[in-house]
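Read the single chain below, which is given as structure tokens and is the form predicted on its own.
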């Protein structure tokens, strides 16, 4: 698949983004993304220019985060600073294209940072196509508090990524997950949240009770999860801004789990186990009205809406072993879409609507895989002792999941992989972690 970036005339990212005046357009750079091995695009990111003394440390750090974001995709390769022939000391100075060509840079990112008297950052950047000898798109500038400097860096990287690949970025996002401590047979679990790259970890609950399966709302302001604090699994919704939470659908004698928001954020689909049977239900968060979606003697669980909210993919053992099914969001007849050997589970619809990610167990190995929404083109991306629980990046290009190592000392960790199966990476989280859920891009 060939992605060609056309120059961007205007971008609307909310109040944090305004055009930087007087910067021309050009391009395009190209990255060819296919199923095989690609050659990463060489790029250079000199330290951003500090326009006042208070900005010096931010200028260095922001450039480093931008470089790490891009290099971490596997699509880009940074040319180290010691190889640079040119030095960028003034944001407005002309680019010496010959110096960058000499070190085989294809893209150059320059930037400048200032800090005003109120401690607010102003960050501007430009992207250059070295071989076309022209800027690629308009220069942009971002404003934000000094405490949010990493977010500003992620926003810069998102724009560079989008301009070169033609796809949306995913760096300015967060991940909610289960942080785990203690021995394998007595683990303590609590909800935590972090930047997509493992930075800025914060804990959302204590370890007094087991928590499972956190799931972001479509707007990233709430989290659904399952807690055992009552002794039985029950779904809660947590408001990230206030820290307030409430239980959902408390039915005596029942257990509720595996929740997920609808794309409109007003409904939740989940599994309810009662009287020895497990079916899927939908709950209207405003009215509290509950609708039963399946009625079968089998176990129906792990539901996930399509991006348009019209269908639900889920896991069921109605065929004898767990497989993947799709049905209308209002319930009704389900069609099976997984037919390979092994057991399938935890299906999740891509935010782009083109793929469904899943966990597969076959011949003693666990895999993260993807298939088209009709079940065709199944492709396994990973293989290990235990891989499970895929979650999509906001742009539908990368999947994060849990990988647990074998043995008595085995522990879970978070990994990510590109949907082509390339660029398998461990997410740098201190301690054990499981059950990731990727947020949408932050506003």
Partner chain sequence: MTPISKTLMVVAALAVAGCSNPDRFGSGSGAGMGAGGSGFGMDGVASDPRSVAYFNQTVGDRVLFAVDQSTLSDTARATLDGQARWLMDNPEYSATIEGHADEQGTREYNLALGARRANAVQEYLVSRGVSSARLRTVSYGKERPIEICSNEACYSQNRRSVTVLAAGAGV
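Numbering follows the first chain given and starts at 1. From a predicted model like this one, the values you see are computed outputs, not experimental measurements.
Same protein, other form: the form predicted together with the partner chain, not shown, and the subject of what follows.
(request) Heavy atoms, 4.5 Å, the partner chain in the predicted complex: which of 127-135, 313-321, 243-251, 159-167 makes the cut? Say which one. (result) After filtering at 4.5 Å, what remains is 313-321.
(message) Does any part of residue 339 reach within 4.5 Å of the partner chain in the predicted complex? Heavy atoms only, please.
(response) No, residue 339 stays farther than 4.5 Å from the partner chain in the predicted complex.
(request) May I ask you to state whether residue 200 is within 4.5 Å of the partner chain in the predicted complex, using heavy atom distances? (result) Close contact is absent here: in the predicted complex, residue 200 is far from the partner chain, nothing within 4.5 Å, heavy atoms only.
(message) Can you tell me whether residue 117 touches the partner chain? I mean in the predicted complex, with a 4.5 angstroms heavy atom cut-off.
(response) Judged by the heavy-atom cut-off of 4.5 Å, residue 117 is well away from the partner chain in the predicted complex.
(request) Look up in the predicted complex whether residue 209 has a non-hydrogen atom within 4.5 angstroms of the partner chain, and give yes or no. (result) Residue 209: contacts the partner chain in the predicted complex.
(request) Please pick, from 266, 362, 184, 87, the one residue with any non-hydrogen atom lying within 4.5 angstroms of the partner chain in the predicted complex. (result) Flagged contact: 184.
(request) Check each of 189, 222, 150, 174 and return the one that places a heavy atom within 4.5 angstroms of the partner chain in the predicted complex. (result) Filtering the options by heavy-atom distance leaves 189.
(message) in the predicted complex, does every one of 146, 218 and 353 come within 4.5 Å of the partner chain, counting any heavy atom?
(response) No: no residue has a heavy atom within 4.5 Å of the partner.
(request) Could you list which residues of 216-236 come within 4.5 Å of the partner chain in the predicted complex, counting heavy atoms only? (result) The stretch touches the partner through 228, 229, 230, 231, 232, 233.
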